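Here's a solo chain for you in structure tokens, the form predicted on its own.
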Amino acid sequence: MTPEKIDQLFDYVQERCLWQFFSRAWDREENIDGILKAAAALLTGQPPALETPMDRLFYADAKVMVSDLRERFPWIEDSGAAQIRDLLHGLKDKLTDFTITRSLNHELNHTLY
């Protein structure tokens, strides 16, 4: 896992994926976790969870993202399962830090919403 590859994935998500910017911190975290978990399953050849409507929603978003990642970043196909999981874990950490922890949007944790 290299920081450069995580940065490439982060830049892609920042540019193309609106699910990271839902209106509440818990919703952002749920989307980031669910979609990246489904993406990891797809990229490593594992069957994604499809039991609940939310699982299917995460799968739909992950499917589009994985297709784009394979097209834009050919090196992802050469990565092993452990490396892919490490990359996506690093991406999750960076997204969570950027869109939740260091966000200046005070409505993310507002109790009346």
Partner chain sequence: MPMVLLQCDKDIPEREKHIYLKVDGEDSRDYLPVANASTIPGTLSERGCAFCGAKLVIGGVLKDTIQMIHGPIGCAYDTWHTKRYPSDNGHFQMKYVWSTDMKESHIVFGGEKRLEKSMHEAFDEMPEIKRMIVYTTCPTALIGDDIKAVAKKVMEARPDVDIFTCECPGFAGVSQSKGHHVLNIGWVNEKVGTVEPEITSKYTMNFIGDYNIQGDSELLQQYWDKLGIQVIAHFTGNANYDDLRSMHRAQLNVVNCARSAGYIANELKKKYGIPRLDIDSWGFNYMAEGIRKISAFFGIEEKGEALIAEEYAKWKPKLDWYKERLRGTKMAIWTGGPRLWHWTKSVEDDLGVQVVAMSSKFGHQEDFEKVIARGQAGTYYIDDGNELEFFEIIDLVKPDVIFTGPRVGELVKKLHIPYVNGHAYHNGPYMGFEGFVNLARDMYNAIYNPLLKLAATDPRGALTTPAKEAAE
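Just so it is clear, the model here is predicted, and its values are computed rather than measured. Residue numbers count along the first chain shown, from 1.
We do not show the form predicted in complex with its partner chain, though everything after this point is about it.
Judged against its partner chain in the predicted complex with a 4.5 angstroms heavy atom cut-off, the residues 18, 102 and 105 are in contact without exception. Looking at residue 85, you'd find every heavy atom of it more than 4.5 angstroms from its partner chain in the predicted complex. Taking non-hydrogen atoms only, residue 53 approaches its partner chain to within 4.5 angstroms in the predicted complex. Its partner chain is not drawn, but in the predicted complex it has no heavy atom within 4.5 Å of residue 77. Put simply, residue 81 is far from its partner chain in the predicted complex: not one heavy atom of it is within 4.5 Å. If you take 21 to 46 and check each residue for a heavy atom within 4.5 Å of its partner chain in the predicted complex, you get 21, 22, 23, 27, 28, 30, in sequence order.
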